[in-house]
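To begin, one chain is listed below as structure tokens, in the form predicted on its own.
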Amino acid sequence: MDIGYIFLFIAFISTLYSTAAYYFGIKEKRASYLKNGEKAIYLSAATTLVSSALLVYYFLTDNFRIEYVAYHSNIALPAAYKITAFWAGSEGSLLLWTILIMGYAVAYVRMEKKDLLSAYTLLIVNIIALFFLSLLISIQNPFRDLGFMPSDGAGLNPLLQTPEMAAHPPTLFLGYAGSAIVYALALAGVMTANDTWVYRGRKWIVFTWIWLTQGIFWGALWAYDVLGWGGYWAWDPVENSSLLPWLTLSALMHSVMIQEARRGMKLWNIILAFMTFEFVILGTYITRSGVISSVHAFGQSNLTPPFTFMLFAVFAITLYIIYERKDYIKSKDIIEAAASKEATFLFNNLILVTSALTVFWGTIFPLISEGITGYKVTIGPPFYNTVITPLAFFLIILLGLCIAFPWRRTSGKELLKRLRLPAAAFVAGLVYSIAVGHRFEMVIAISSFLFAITTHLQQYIWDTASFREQYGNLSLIKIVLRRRRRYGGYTAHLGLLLVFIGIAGGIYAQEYENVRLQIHQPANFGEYTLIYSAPDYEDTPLKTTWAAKIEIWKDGRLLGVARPAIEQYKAGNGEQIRKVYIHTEFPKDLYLILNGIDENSALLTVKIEPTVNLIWLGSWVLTAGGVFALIPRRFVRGLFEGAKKKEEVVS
């Protein structure tokens, strides 16, 4: 038995003990039991960490006696990718999931109050951790011994040997594991009839949302840079499963504000926390079970029974607790007027949840069709584009209205003042877009974008003037820091607007052509001239590469020499991949895919993605908004106290 497995088993026993300690500590109101439960969490986290470190060590030392290492690494693999191979397969990714949950549990113990709400929260988190640990010590053991030492391993899938894929799983799993804390807090809040869960859950919700955003960003960037088809989102089931929790968590971020401010949407918030976690479990299941075909999935496994049990258990327990506490979660009627911030939050939630349910339906439909008819029918991009596109337009308009509308109600005169400039921007967008000949959808996208962004800019200007009256000479940065949650949200909105217009440009204004370039013969594509100057061939112990050297000219100026390539790897199944070349002139990309080559010609797919870089920029702005909103209160307080003492010394 491998020592890594022994540490995993100790983590399982320790977590089991911690769960029992919290259960009996709550039931018998014994603080000493709860204290022991905390200590056991530390032990579980430490032993899981040691186990993970041992697996990394086995990868770095080419210990192919371990089956998981033999399947996902080889001697020629660079050291950096030997580390990332840790999460290349189902067993390692579940171990990563588990260590992150344990990390969240330790962080929760260190940061939160020691009260009944925390005790219930940690009890639930322990149960979730137990589920994953039980898989790791049984059917998903990453330390299984082959019984002999192969001379070399099968190697890592070439598509995973990229910086984007090194970043994608850890960031996404940070979001996945964080959703367990959000769900546990929400459920504990209902069980203890404690409304403070929304205040204490705020930072966990935002932190989780940040990592889900980053996970989706790195996944999309990987698809764009590595998969070689020229897109970033194909509505693949595994891609969808990462989007689902992001949609419901985004809705929760807004609706908890209603519960904080007006005691409304209590039941809705519980349901959103539940849906987020349930979607995370569903996504983990889809990726690892092989029930749905996907380029992102790990393949067939024996995980269907335990994950099906987990999905139904979470559903049944949540439903039971909601039923038991139905008197507590009755909400107040908080909508006083349609033109109010509360109403926009409500509609915003409805759109996000409708989008999530649409994506959910499209994702599981192949399973339903196979169960009923025996044939697996896949739903493609046309379905999603038809349903999601109008929802996205409404969401962007609401993004503007939620800034323009105040809480509760306002007068018609005030509304006119708040909306006249954004409405003018909308009309200007219509006129401009029609004049330059954009498609109808792009016309609406540009107009909606201008409407929403104008409401934000207008609000910044009004706030600045208001702050001058209210705070005098206090610097604008300090004022914004005082209201970091509000401006973090505004910043996230700007990021979403950039992502929206970036996606719209890709769908409605992309240029695309398959071309055969004859050697030394110029060919025009849009504003670019391409010249195939020479073939290029390279053979290394890792792979064989066929490349085409393509000169890129614009306005009589050489912009560079592209080298799109086809690579064939020698390890494993000898997988062949396209190595695309991307020439960026912000916000657009010239995207070259090599499909075939000989000495006289090169067959290429050439695309111009007019706004794709706005998506990447918007993703970082989204993240920055979340990070800004998370700046700790004590940091801001310290900043102000430091400035005050400095002023006193000077005076």
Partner chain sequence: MKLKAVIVLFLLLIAGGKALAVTLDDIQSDVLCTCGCGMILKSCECGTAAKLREEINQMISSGMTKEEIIAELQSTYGKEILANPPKEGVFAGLWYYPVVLISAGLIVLYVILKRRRSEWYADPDEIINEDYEDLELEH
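Bear in mind that the values here come from a model prediction, so they are computed numbers and not experimental data. Numbering follows the first chain given and starts at 1.
What comes next is about the form predicted in complex with the partner chain, which is not displayed.
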* To do: Indicate whether the partner chain has at least one heavy atom within 4.5 Å of a heavy atom of Gly505 in the model of the complex.
  => no
* Partner proximity in the model of the complex: Asn595 to the partner chain, non-hydrogen atom cutoff 4.5 Å -> yes
* **Proximity of Lys579 to the partner chain in the model of the complex, heavy atoms at 4.5 Å** => no
* Asked: Are any of the heavy atoms in Leu559 no more than 4.5 Å from a heavy atom of the partner chain in the model of the complex?
  -> no
* Picking from 255-263, 531-539, 156-164, 448-456, which part of the chain touches the partner chain in the model of the complex when contact means heavy atoms within 4.5 Å? -> 255-263
* Proximity to the partner chain in the model of the complex, single hit among Arg288, Lys543, Arg484, Lys82 (heavy atom within 4.5 Å) -> Arg484
* Asked: What is the one choice in Ala465, Ala313, Ala424, Ile372 with a heavy atom within 4.5 Å of the partner chain in the model of the complex?
  -> Ile372
* Though the partner is not shown here, which residues of 341-361 have a heavy atom within 4.5 Å of the partner chain in the model of the complex? -> Glu342, Ala343, Leu346, Phe347, Leu350, Thr354, Leu357, Thr358, Trp361
